[in-house]
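What follows are structure tokens for two forms of the same protein chain, given separately as structure 1 and structure 2.
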Structure 1
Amino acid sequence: MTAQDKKNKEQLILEVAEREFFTKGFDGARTMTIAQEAGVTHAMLHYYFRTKEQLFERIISDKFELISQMVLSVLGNAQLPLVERLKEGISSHFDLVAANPLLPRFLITEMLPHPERYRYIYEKLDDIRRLYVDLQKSIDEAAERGEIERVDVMMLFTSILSLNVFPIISAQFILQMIGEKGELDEAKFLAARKQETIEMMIKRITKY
């Protein structure tokens, strides 16, 4: 067995475990299932990661950067003009969430019930306050010039987060409920959502 094989085996466990944890939550995940699906004995899993908790921690800290981005990117690129910034922010945030659809659900099911476990994530997010203040300033200035409506960034932020994340989490659910004859598939639905969200947010800040 080469070093490469080892890396691959460890990596394989991590990938399988990520899917397992993200879909079933910490409590629902089974180390035996993970081991089985990764094609290793469950003793191997314990050999590499010692405990279920440590395997979990490893996955979370590996995902940390992505989680931060997932929150931050809503606020967009401070260099762009306001409306562009909004469009680009919504769009890139949507894509990021859509590319990692299991993560938001996991955050909701794991972080919310165990906030103490994830304190370090909140700490890291000082960046968000800078972008927040910055965006509020841009908005206030534009509003001063009568270009847009004055709006609260926290409301804007929450709306974008809601409109981007919720449909991605629950697309299946919504389509099953009111999808007509399944002709509208998930990909089309989400593409439509992305445009809808951009349109709604633009309208929200537009002054008439």
Structure 2
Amino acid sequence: MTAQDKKNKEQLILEVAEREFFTKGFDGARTMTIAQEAGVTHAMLHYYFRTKEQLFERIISDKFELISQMVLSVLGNAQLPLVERLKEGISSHFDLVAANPLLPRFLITEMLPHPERYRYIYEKLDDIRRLYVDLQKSIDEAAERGEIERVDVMMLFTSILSLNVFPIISAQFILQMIGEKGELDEAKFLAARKQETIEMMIKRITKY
């Protein structure tokens, strides 16, 4: 097996494991099932990842690395005007959650009740914490110049998370409950909702 073959096989295992952990949780996930769906033996699975815990840690680490990179690449881009950074940040976060709809539920059910698992993500969040400080400084300076309303970045992030996550995890429920028959288009609903959230958050901080 070539190095590329090993890399491809490892990636396939990770994709299958992510689905298994996100749908069944850590306790419900089975390494035997992961191995079978990835087309490898149980022994080979343990060759790539020695334990179930190690595989779980890799899944969490990779996801938060993705989140960290997304946040930093947009909100950390000092070349963009502040309002544009926020617009792009909201849009990128929405798209990330939409592409990973099982992630929010998984974090609530598997991470929040187990604070000992936070160690998997501490290092991934260091850059985001520094961004938080820098972004608050930029907002304060812009507010002093009269360009925007002052807002606490923690509250801003909390609002963005709330407004972006709920519509994605509940889209089908909302459409079934109040949508018109024949108009249950989830993609159209989510696109409209993303734009609504961007406009709502920008109006919160800008002066008209």
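It should be emphasised that the depicted structure is a prediction, and the values quoted were computed from it without experimental measurement. Structure 1 provides the reference sequence; residues are numbered from 1 along it. If you superpose the two forms and keep the largest set of C-alpha atoms that fall within 1.5 Å, you have the rigid core.
The form predicted on its own appears here as structure 2; structure 1 is the other form of the chain.
Superposition of the core reveals a Cα shift of 2 Å or more for Asn77 between structure 1 and structure 2. Relative to the superposed rigid core, the position of the CA of Phe49 differs between structure 1 and structure 2 by 2 Å or more. Once both forms are fitted on their rigid core, the CA atom of Gln195 lies less than 2 Å apart between structure 1 and structure 2. If you overlay the core, the Cα of Glu18 moves by 2.9 Å between structure 1 and structure 2.
The shift recorded for the CA atom of Asp62 between structure 1 and structure 2 is 4.7 Å, with superposition on the rigid core.
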